[in-house]
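A single chain, nothing else alongside it, follows as structure tokens in the form predicted alone.
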């Protein structure tokens, strides 16, 4: 695999072999349809991470005290999902084989499908927690079965509906809502996840548009009526101790290849908490 490194997340080690949790960027937004630009997300998140402290007071954990690696950004084509998916899976496989926990920085939400597939190869009883404003359960979108709007439908094709949990959703078609309610993917509280998970390994997929656009406007498909930042953090912190074996944070879409706006600080802080949750579940 070919990697590009322009910045490193906060205090991460640029040698990924030194990490138990390993960051990898996937700058792909080939199916974004409203506000493209999430391909610039991984770089901007890393730049904005410099404004943060490494310590999370709510989790009482510090990035300085864990083994965190950062591979940089995977070089992927601007289009051609099959090749992108192959590169994601091939890059994650050795990390998972060594017992490391990959945390993927998007990029658009479709990249989660390949990341889940890689984790499923390693953990056959994998479950997925999908945190998002949108259900993403369409079977096709604009005549394509592989898009950001169909990603959880394709994940359900891999896992079955009983191993997918959705939280924070507030948008979808009538057909998507009917499907989600009929198969019971929507959960209301973290305790429901613990009860239904039953100790199985968990993949966390977090689309930043779950936050209200007043909190994070720089995203691919802003959806009013969302969470405030503290609500999201309270939910994430309640997941502490769950066996998270892989995660992604996707759909931060800065305006261009530079720093982007202060939404980058919001995205970076979410990434920090996700990293520490992965570490907490590991130990």
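Positions refer to the first chain, counted from 1. Just so it is clear, the structure is predicted and the values come from calculations on it, not from any experiment.
What comes next is about the form predicted together with another copy of the chain, which is not displayed.
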item: Candidate stretches 113-121, 163-171, 88-96, 198-206 - the one whose heavy atoms come within 4.5 Å of another copy of the chain in the model of the complex; value: 163-171
item: Heavy atom of residue 215 within 4.5 Å of another copy of the chain in the model of the complex; value: yes
item: Residue 266, heavy atom within 4.5 angstroms of another copy of the chain in the model of the complex; value: yes
item: Contact label in the model of the complex: residue 138 to another copy of the chain, heavy atom within 4.5 Å; value: yes
item: Residue 70, heavy atom within 4.5 angstroms of another copy of the chain in the model of the complex; value: yes
item: Interface residues of 102-119 toward another copy of the chain, as seen in the model of the complex [heavy atoms, 4.5 Å]; value: none
